[in-house]
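Take a look at this one chain, the form predicted on its own, written out in structure tokens.
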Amino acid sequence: MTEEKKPEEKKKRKTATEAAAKIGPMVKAMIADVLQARKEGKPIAYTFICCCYDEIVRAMDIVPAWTENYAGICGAKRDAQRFLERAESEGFSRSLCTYALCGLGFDAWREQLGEMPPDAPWGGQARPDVMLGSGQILCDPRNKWYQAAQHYIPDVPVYAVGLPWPPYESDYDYREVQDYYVKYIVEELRGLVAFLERHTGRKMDWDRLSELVDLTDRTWNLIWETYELRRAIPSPMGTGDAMNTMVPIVFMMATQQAYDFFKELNEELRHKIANKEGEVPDEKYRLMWGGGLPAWFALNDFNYFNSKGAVFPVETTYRTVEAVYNFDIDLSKISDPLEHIAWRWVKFWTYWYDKARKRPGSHPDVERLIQYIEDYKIDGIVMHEAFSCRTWHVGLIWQLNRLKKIYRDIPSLILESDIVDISSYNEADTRARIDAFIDTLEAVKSKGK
């Protein structure tokens, strides 16, 4: 093992917006708040993004520790290898989700030492009081990661929230079964509240929960409105920045800080549009990040695209599906905050179903790509397949093949590496593939003139 190996230096990615440049200090402060909470004896919960319990833990004054976030930080700082190797030494396969491996390696090392591993990025990951998993279709670790973590912290209980959504079928309307899904999710959330009350000694403040649910709705709407500004030509902000501005979306929801952040970003983008300030001085190609988590250690690749005159005005990763007020149900009329959360969840995941049913052979994920191509005037598509993130990435090529039955000539590029395992990445090869893709874009554009 090479636990003492120092991470190699990485250049800081140049951002196009002032808002994106503020994210680093915000994340660092968020990590520091969790470490401070540990010192003060406040209850801490290991948590996953997009699991419907943001408002619940915040209403109960439980401090969320986002384990995916910390693994991403280790990856972005190119300091994940020693934790991955530690997990491997514990018998975990390197082919598993490297977020999970990084976290498990960190937990194992921390518990062995009785303190943080040496030079832990940004102070380290605090020991939790509870761990909140998710019985969700999104990825395997949401069910198994925290169960595996109990090998090292066996005294820390786990609650997995069941969060299904109606599957897409072209021959029936999901609304026939949506009430059942909502009822099930509400019961799961009630179980979560009871679990947290029992294990933390905190009681749910139901009035506070309702306030935070409303704040979340308003924040989702503001995010959607802000990101829609990126339709402008030239586009004022790209996916490289969005991989920073996703932090308030997935780690700070149900906070005034998240709402205020997007209010500032909205104003900044409007100012840029009014002054015709694009992400690059000479915008030549408008690309869509069509799927896949990024390689957090290689975000400078977005700057490389920019150097070629290519911008990413839209992405599917971490992108708000739609404004809450555009759903086919008025959530403001649902008084029970847990039911409100459940309906919001189901509507997020089923929003594209109706459009897909109108196009024979289509699929909701493909309809979303089509909509973005049309709305954002997209010239080409880039996807990233992370070898250790199979559940989230496995369908990308299938989506692209379906899409090309409609947009036959749209150029595409599939990058391959990982989310935090830098050993999977070759910068020279990646840049060569980007160069070839840009050449293809230029040939297609020239042909169409």
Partner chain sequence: MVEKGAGKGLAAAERYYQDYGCRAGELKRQGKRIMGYLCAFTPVEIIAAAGFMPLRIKGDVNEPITKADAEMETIVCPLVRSCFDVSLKGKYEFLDGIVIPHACDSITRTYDIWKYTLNFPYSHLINMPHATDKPSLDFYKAELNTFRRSLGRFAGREISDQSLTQAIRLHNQNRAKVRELYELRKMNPPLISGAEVTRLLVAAVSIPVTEATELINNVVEEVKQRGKVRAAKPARLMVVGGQVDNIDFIELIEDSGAWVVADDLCPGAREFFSDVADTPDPVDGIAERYLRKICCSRTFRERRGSYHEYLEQRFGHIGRSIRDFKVDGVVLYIYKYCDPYGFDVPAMKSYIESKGIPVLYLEDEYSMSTIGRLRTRIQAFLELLGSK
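Positions refer to the first chain, counted from 1. Remember, predicted model here, so these are calculated numbers, not experimental data.
Not on display, but discussed next: the form predicted in complex with the partner chain.
Peer 1: Would you point out which of 116-124, 144-152, 225-233, 273-281 contains residues with a non-hydrogen atom within 4.5 Å of the partner chain in the model of the complex?
Peer 2: Of the stretches listed, the one contacting the partner is 144-152.
Peer 1: So which of Glu111, Asp217, Glu187, Glu85 gets a non-hydrogen atom within 4.5 Å of the partner chain in the model of the complex?
Peer 2: Contact check passes for Glu187.
Peer 1: Only one of Ser95, Gln257, Ser307, Ser335 comes within 4.5 Å of the partner chain in the model of the complex by heavy atoms, so just point that one out.
Peer 2: The residue from Ser95, Gln257, Ser307, Ser335 that makes the contact is Ser95.
Peer 1: Check whether Cys139 has any heavy atom within 4.5 Å of a heavy atom of the partner chain in the model of the complex, and answer yes or no.
Peer 2: Yes, contact at 4.5 Å.
Peer 1: How about Ile410 - does it come within 4.5 Å of the partner chain in the model of the complex, if we only consider non-hydrogen atoms?
Peer 2: No, Ile410 is distant from the partner.
Peer 1: Whether Asn266 contacts the partner chain in the model of the complex should be assessed with a 4.5 Å heavy atom distance threshold; does it?
Peer 2: Although the partner chain is absent here, Asn266 would stay clear of it in the model of the complex, with no heavy atoms inside 4.5 Å.
Peer 1: Taking the partner chain as it sits in the model of the complex, is Arg38 in contact with it (heavy atom to heavy atom, 4.5 Å or less)?
Peer 2: It does not: once the partner chain is placed as it appears in the model of the complex, Arg38 has no heavy atom within 4.5 Å of it.
Peer 1: For a quick check, can you give me the residues of 396-417 that have a heavy atom within 4.5 Å of the partner chain in the model of the complex?
Peer 2: Residues within 4.5 Å: Leu396, Ile397, Trp398, Asn401, Arg402.
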